[in-house]
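Before any questions on binding or motion, here is one chain by itself as structure tokens, the form predicted alone.
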Amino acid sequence: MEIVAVINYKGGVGKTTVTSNLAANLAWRGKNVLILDMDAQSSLTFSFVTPDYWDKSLKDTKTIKNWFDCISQGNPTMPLYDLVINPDVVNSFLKSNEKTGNIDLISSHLGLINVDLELATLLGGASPTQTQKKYLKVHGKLREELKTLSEEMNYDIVLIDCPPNFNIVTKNALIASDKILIPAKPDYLSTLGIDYLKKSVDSLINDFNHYASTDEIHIEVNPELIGVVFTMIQILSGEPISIQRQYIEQTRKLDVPVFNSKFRDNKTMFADAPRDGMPVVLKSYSNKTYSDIVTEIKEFVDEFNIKLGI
């Protein structure tokens, strides 16, 4: 099972669009996919279930916030399996097309934004040994639980939609991950933080491994940055407009891998998809522009699979 964290410091860069369409096309290709929404905005959650369903059936007992609340309150966590749901619309569509893949979801909660402050209070320690144990417990718990989940469930891949910050929730996702994917819009603010994000991840891994190296339970981690995928591309004469090409080339000079495939900008097409509970990559369009966008997403998934070797 591969675990991939999808992250960018900057919000509004198409992170959820990338995650939802990647999950959907992987499932179409026969993969069993778990998507874990750890962004308090809950956009990924509401791309697969309606707000009414979330409010009635999920928000009180079946979100990742419930799991983190157990940690902050000093209680045993429930198994992650207890939080998993199977979104009906997308999975019914897959089955109706005789596809063997599946998408499961662990939903987010709007209150997740407050969890970080509660978790931070657990990190203080009276001695270096206590500090070490608390650090590993707070930052490494999700990694332990996902390992257990992988033994219980037949998932090929887990996609974690991270919040646009570097809080303890995000750090849990990164520590738990095998790979890191960065969606980015090719503009000044969206690309500015990529190098800083890379350095922050390196620092986090060094800190965690420093504590884990002398611990009997936790093992060291080494998530790999598989690349930056550019989103919201504006096409002119068959290629990104010149200012976007400039930021794409600047990113390549940061010595980070960059996907050749890209997500084209189309606010109407992508904005309507969550309302239907169906990512655009699973839809058929008579409009040529829309069809071309679907083809481009599939090309991204081709490239993603090559990078992961799946």
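From 1 onward, residues are counted along the sequence shown. All values reported here derive from a predicted model rather than from experimental measurement.
The same protein also exists as the form predicted in complex with a small molecule; that form is not shown, yet it is the one meant from here on.
Original post:
Which pick from 136, 80, 232, 176 sits with a heavy atom within 4.5 Å of the small molecule in the predicted complex?
Top reply: Of 136, 80, 232, 176, the residue with a heavy atom within 4.5 Å of the small molecule in the predicted complex is 232.
**OP:** Consider the chain as shown here, without its partner, and state which of 263, 259, 28, 53 has a heavy atom within 4.5 Å of the small molecule in the predicted complex.
**Re:** Contact residue from the list: 263.
Subject >> Contact at 12, 15 and 267 by the small molecule in the predicted complex, all three, heavy atom at most 4.5 Å >> reply: Judged in the predicted complex, 12, 15 and 267 all sit within 4.5 Å of the small molecule.
**OP:** Look at the stretches 268-276, 28-36, 240-248, 56-64 and give the one with heavy atoms within 4.5 Å of the small molecule in the predicted complex.
**Re:** Only one stretch qualifies here: 268-276.
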